[in-house]
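Before any questions on binding or motion, here is one chain by itself as structure tokens, the form predicted alone.
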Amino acid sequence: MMRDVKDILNRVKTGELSVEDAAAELKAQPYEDIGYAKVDLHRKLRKGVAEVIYGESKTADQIAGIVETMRDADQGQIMVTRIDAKKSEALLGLLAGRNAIEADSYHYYELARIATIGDKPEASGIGKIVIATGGTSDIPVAEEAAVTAEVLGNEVLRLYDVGVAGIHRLFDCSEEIMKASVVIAIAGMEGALASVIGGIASCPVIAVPTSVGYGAAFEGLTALLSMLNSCASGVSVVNIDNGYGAGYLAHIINHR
């Protein structure tokens, strides 16, 4: 059972909340239909994290409508992924103009292409999430993973440009990798980084193939197949360029 449900039950137990009011909170409308979107208002109860808005292909006005619906339903911190700087600026203007948010509660992470409304929680969890990239070109995907994990309440250590082409760079970070509760290994080209880290890490490794590479990399397909065929135990794989998915999964592992 999720933390929010436990909180409701504990408030009933201590007398802070009546049984009737608790039932009303749990029976609240599970989603809000706003025409172009059905906003899932029970996801935080089910999953522990409110619905995350995928910003690509949505207009700033559509995103603003979803954000306002979530704010009205007290969904807490809100995250929008895959939103570029121009759309983020328009979104902030719409929300501030409608008095839907305080301007200082809005944060935009340009490299990660993530916008958040609300403050980051204190880092918790069983340990530290380590994020390693094969090269500098993989950093945008890594930042999507890192910001996602941080926004969800995790301590993150970034190890960038430690790919197998200069493997001594990775071995210099072996102590940090061995101490991690989960490692996210992000690489394009042939995607070998995940297998190497999987061979030395004692924790789960989440592999993220990126679309970085020349023609035979097939926009990340080569790295994806390489990671799926890893001989290292304990390596799982998310989709090409899916930094958000890796950050979210790492958060779940770090809070078990």
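Bear in mind the structure is a predicted one, so any value in this text is a computation, not a measurement. Between two forms, the rigid core is the largest collection of C-alphas that superpose within 1.5 Å. Residue positions are given as counts along the sequence shown, with the first one as 1.
Below, we turn to the form predicted in complex with a further copy of the same chain, even though it does not appear here.
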Exercise. Using heavy atoms and a 4.5 Å limit, would one call G166 a contact residue for a further copy of the same chain in the predicted bound form?
Worked result: yes
Exercise. Taking 4.5 angstroms as the cut-off for heavy atoms, does R82 touch a further copy of the same chain in the predicted bound form?
Worked result: yes
Exercise. Can any non-hydrogen atom of G65 be found within 4.5 angstroms of a further copy of the same chain in the predicted bound form?
Worked result: no
Exercise. How about D74: is it within 4.5 Å of a further copy of the same chain in the predicted bound form, going by heavy atoms?
Worked result: no
For this session: Please determine, with the chain shown alone, which of 117-125, 84-92, 176-184, 100-108 has non-hydrogen atoms within 4.5 Å of a further copy of the same chain in the predicted bound form.
Result: 176-184
Exercise. Does any residue in 205-239 get within 4.5 Å of a further copy of the same chain in the predicted bound form, counting heavy atoms only, and if so which ones?
Worked result: Y214, G215, A216, A217, F218, L221, T222, L224, L225, S226, L228, N229, S230, C231, A232, S233, G234, V235, S236, V237, V238, N239
Exercise. Once everything's superposed on the core, is V12 shifted 2 Å or more at the Cα between the shown form and the other one?
Worked result: yes
